[in-house]
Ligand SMILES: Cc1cc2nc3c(=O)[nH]c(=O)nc-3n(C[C@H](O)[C@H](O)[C@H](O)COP(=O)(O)OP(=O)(O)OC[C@H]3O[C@@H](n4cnc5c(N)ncnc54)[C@H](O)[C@@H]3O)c2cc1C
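In the form predicted on its own, a lone chain appears below as structure tokens.
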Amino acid sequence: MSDLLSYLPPVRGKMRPKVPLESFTSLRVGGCAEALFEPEDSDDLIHFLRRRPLEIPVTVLGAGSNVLIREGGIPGVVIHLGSWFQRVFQEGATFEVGAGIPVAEFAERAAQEGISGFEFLATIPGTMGGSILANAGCFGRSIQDILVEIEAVDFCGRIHWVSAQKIDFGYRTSTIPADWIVVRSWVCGKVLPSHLVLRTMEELRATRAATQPTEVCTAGSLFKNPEGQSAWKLIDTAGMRGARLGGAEISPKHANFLVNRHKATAADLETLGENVREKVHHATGVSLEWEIVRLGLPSPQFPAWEAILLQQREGE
């Protein structure tokens, strides 16, 4: 098999082959990235995207808090935004926020500065970039409520600035194109004494800990809530609360959480999730939609890039 790195442009950041991804996800499962790229800064990211062979796919991986990576790993280049993309700058109640920062960490920093409006983020495990793409939310609030503008880079290295007003947000969705990487965003809150903001955050964290399995390896909500219904109630109706397969489990604490209880494989977790979908559909007629994003191949069969690129050149 040809070495993928030999077909990629030089970068200033880290480009590593065959990197195990299980430590990059909250479920702690998954195969390797064929190559993992951690750009030095946005210029490095843009340089890479403009010069990479377009036949080689790219996948963006943030905190890995809502993904299930299969044992076969992810072909092509996985991009992971590092420390440069975790910077935060403040001007009054408005913040410029790097896409790589965990939203809970940003919420804590904003609270210390006495800025309210971001408290709900303290209970969301993802990064700012991924949370914007998915319009992450909880406790009646979501990203769209605080967002002012984004800066994104598409997979061809083109830069885009878009105001929040020009983005259509829905339940766990946005119209931000799938081939855009959010690199920065601007969000706005309001001034409030920091002790009040911190108190609200602690109350939300306590509520989450009391109702969700925060003490184990999970990836957040397993399925999206169908309109007008709760996924966990449908799972309960189907009798699947606490169901197990290998080391995978549907949480007894919250039926819409998929848990790596004891050395589960990605196949255990995905199969159990599909079993739940089947049982719910049989019991209720409702087809649940995965909220966890499934990535990668069932078994490692990375392409031979030399043949693919040669074929492409011959067709030009």
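Throughout, we count residues from 1 along the sequence that is shown. Source: prediction; values computed, not measured.
Just so you know, the form predicted together with the named molecule exists too; it's not on screen, but the next bit is about it.
With the named molecule omitted here, the record of contacts in the model of the complex names 178-186 of 178-186, 240-248, 107-115, 227-235, defined by a heavy atom within 4.5 Å.
Using a 4.5 angstroms limit between non-hydrogen atoms, Gly73 is distant from the named molecule in the model of the complex. Residue contact with the named molecule in the model of the complex: Leu192 places no heavy atom within 4.5 Å of it.
The named molecule in the model of the complex comes within 4.5 Å of a heavy atom belonging to Arg208. In the model of the complex, the named molecule sits within 4.5 Å of a heavy atom of Ala63. For the candidate set Ala219, Ala122, Ala164, Ile146, a heavy atom within 4.5 Å of the named molecule in the model of the complex is found for exactly one residue, namely Ala219.
When you look in the model of the complex, the only residue of Thr265, Thr271, Ser42, Ser26 with a non-hydrogen atom within 4.5 Å of the named molecule is Ser26.
Counting a residue when any of its non-hydrogen atoms is within 4.5 Å of the named molecule in the model of the complex, the hits in 68-105 run Leu81, Ala99.
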